[in-house]
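In the form predicted alone, a lone chain appears below as structure tokens.
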């Protein structure tokens, strides 16, 4: 076929396809999901699996209830990188105490656990033979519903010469003026290296509890019962008995964990559901297309050889076909996945190898009709070999059916992968729509429709796009359907 004729054929195919409304709808849907897959890293800056604690667990979408608190980070410069960072704090000094910014000290962090901010800290100095108190307070406005979770983090260090006593308190000044103690070091003597508080739970008052990385936590609904002006207070008390004491404060941060986040909220680990939805489109498209390609290639090969060669080859191929068709597909796939491991490539190969049987029967029936045609008989009479006839005469005539079957096989592969992931047999290191549905069921979040509905809807729409494309191709390639 020369280039001009090929160009005319492609142009005619495009005209016929774009004139098919079902084909237009399928192509539009497919382009939407391809766009989601391609733009996922740019529209969603988080990792769908490993970026956790973005907000409180199972936070709702931001548009659902504007009165729900978003993430509120109350300290702008927790690492105190410069003297200007003291501007957001108010200082109140009594007795023999002074407070200033220092660049010679800074929290170095904990290796493999927590990264420190480096130089820059608040230095509280107690004068010799004197008692003093330094109160550092950050005031802010709160105007939302009571949150469920609030955390405070700080690091401290003490340098003592001679005899001196020091203590640190972290308090919350509520809107009614009440001071609520979150943590207290108690009276301490002697020097102490950089330390992060490890609060003990008061068995009589469950307001404090411990979290990973030792943040100070409180029952936020009791801390912020109403809107108003609140203050985070760090009080340092020093008693110098002829010696000197310097207390350093660094990495002072406070966070009200969002009860609302993003377009679709968060899951049980605080991961962004919208990010999971966007990245899930990539896996579904890859699995659907690659599995369908494997199934169609196998189906075409088996159907061609079985239909043309006939005899014992046809008998053996069709009996194997019948046996595989009688085996329940999903249970068999579950067993094989458990044996081979739930990686994405094993899932693709298994779905492809278990999806060729129906295609093989269709191709075989087409080949049985084609091999009696005059052009095949003429080729055989002129000395054409078996593989020459299959390659030159039969393959081009069954490819239109293969294209149609390819489009119609993708939805089945997508739904099968979703079923495996829903049952917990998908790749554990990849976020898919099926895994999202598994998490919804596992954590009992069916009532949270903004989490449960989008992945199911995406599976249905992506499958529908390939079904529409398949029907459109069938209308174009099948003259009988086109005539109707």
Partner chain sequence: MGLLSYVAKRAAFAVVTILIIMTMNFVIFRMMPGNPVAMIADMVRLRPEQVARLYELFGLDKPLWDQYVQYMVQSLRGFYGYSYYSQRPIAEDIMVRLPNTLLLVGTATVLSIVIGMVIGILAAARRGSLVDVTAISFGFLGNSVPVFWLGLILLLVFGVDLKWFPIRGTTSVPAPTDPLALVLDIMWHMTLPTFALVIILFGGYALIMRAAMIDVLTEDYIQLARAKGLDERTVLYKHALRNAMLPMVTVIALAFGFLLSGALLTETVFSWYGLGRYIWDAILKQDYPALQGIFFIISVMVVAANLIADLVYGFLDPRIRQE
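Just so you know, these numbers come straight off a predicted model, no measurement behind them. Positions refer to the first chain, counted from 1.
There is another form of the same protein, the form predicted together with the partner chain; it is not shown, and what comes next is about it.
Although the partner is absent here, residue 53 lies well away from the partner chain in the predicted bound form, with no heavy atom inside 4.5 Å. Looking at residue 70, you'd find every heavy atom of it more than 4.5 angstroms from the partner chain in the predicted bound form. Interface residue remark: residue 269 is not counted as part of the site for the partner chain in the predicted bound form, having no heavy atom within 4.5 Å. Contact annotation: residue 411 falls within 4.5 Å of the partner chain in the predicted bound form, judged by heavy atom distances. Every residue of the trio 336, 422 and 460 has some heavy atom no more than 4.5 Å from the partner chain in the predicted bound form. In plain terms, the part of the chain that comes close to the partner chain in the predicted bound form, with a heavy atom within 4.5 Å, is 328-336 out of 328-336, 161-169, 245-253, 131-139. Listed residues 36, 49, 30, 415 were compared with the partner chain in the predicted bound form; 415 is the one with a heavy atom within 4.5 Å. For the candidate set 399, 340, 368, 180, a heavy atom within 4.5 Å of the partner chain in the predicted bound form is found for exactly one residue, namely 340.
Although the partner chain is not shown here, in the predicted bound form the stretch 448-476 places heavy atoms of 449, 452, 453, 456, 457, 459, 460, 463, 464, 467, 468, 471 within 4.5 Å of it, in sequence order.
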